[in-house]
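Okay, so here's just one chain, in structure tokens, the form predicted alone.
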């Protein structure tokens, strides 16, 4: 008869062997439990307040598409300002977020670049300074000195940093260049403020204004562009640095593969995007340079 291995051990050693085996088994069960929890845990995704704020059906479609693709519960989290989304990332209340390039550089110690949207086939966009269409006098930012001007958000590149940098390049002080400035907290609302005459000029994301030309031409075409900035890296998707390597790769692959399904292509068409690319932090050097000019980086 074959003797059990533990029976050949002294009783004290046998107890230690059994305890060690039990601990290893328990550790294995805990590891499996954690993996199961990770596989089923909700992914929290912060969404830019820039354009999608009023597009509830689009957000619902995107969330459902993402959850089905990832096979994980997904929660979209929206706030009314970039600062609020930045705070949620710093507090680890978000796993991923679609944010502006300016906040991305502010949070470079907190987040990692995940993917960059492709707009008109390229990972770039611009600042557009706009005036009312019936304003036939203004031809550049210089012509708006002493006027009322609408900014989008103090943490928006195209809606704040870029036009202020251009004013500085003109040898003027952006703090006193305009008679009055105010924040609308949305690029769409910048367009509304200018179109309605509440502001004589405003700074807006080119992607958002171009999209509004398609979806709300009655609003967008009441304005015209008088200045276009250099190109900047498109507002990126980022991952909090606490996100596991597995979840990082899962979300990145999901975004990169959006063009591969009919549902994904339909979603991209509604977003007026062409897909996503891995991108590089080098895309955002132009924004970093403007930040350094204002002593911010």
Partner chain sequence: MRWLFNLSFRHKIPLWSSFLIGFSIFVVGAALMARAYEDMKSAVVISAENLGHTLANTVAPTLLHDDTWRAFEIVRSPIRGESTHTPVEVDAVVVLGRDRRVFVSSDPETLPMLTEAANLGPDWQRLSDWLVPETNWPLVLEPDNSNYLYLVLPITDNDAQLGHLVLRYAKSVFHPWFIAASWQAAGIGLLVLAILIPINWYWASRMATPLVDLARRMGTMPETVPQPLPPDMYPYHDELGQLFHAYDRMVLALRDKAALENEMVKSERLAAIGQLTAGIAHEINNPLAGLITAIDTLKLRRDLDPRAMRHLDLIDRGLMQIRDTVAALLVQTKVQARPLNQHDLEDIRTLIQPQISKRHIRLDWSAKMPDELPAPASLVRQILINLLLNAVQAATDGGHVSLWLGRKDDSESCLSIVVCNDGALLDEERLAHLFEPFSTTRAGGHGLGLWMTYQIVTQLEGRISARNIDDRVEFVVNLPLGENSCSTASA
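Quick caveat, the model's predicted, so the values are computed rather than measured. Residue numbers count along the first chain shown, from 1.
Although not depicted, the form predicted together with its partner chain is the subject of the following passage.
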The listed residue (189, 224, 112, 168) that reaches within 4.5 Å of its partner chain in the model of the complex by any heavy atom is 189
Interface check vs its partner chain in the model of the complex: of 213, 198, 107, 142, the one with a heavy atom inside 4.5 Å is 198
Which of these stretches, 92 to 100, 117 to 125, 189 to 197, 154 to 162, has heavy atoms within 4.5 Å of its partner chain in the model of the complex? 189 to 197
Heavy atom of residue 76 within 4.5 Å of its partner chain in the model of the complex: no
Contact with its partner chain in the model of the complex for residue 83, defined as at least one heavy atom pair within 4.5 Å: yes or no? no
Taking its partner chain as it sits in the model of the complex, is residue 132 near enough to touch it, meaning that at least one heavy atom pair lies within 4.5 angstroms? yes
Considering only heavy atoms, tell me if residue 71 and its partner chain come within 4.5 Å of each other in the model of the complex. no
State yes only if every one of 234, 237 and 241 has a non-hydrogen atom within 4.5 Å of its partner chain in the model of the complex; otherwise state no. no
Would you mind checking 149 to 185 for residues with a heavy atom within 4.5 Å of its partner chain in the model of the complex? 179, 180, 182, 183, 184, 185
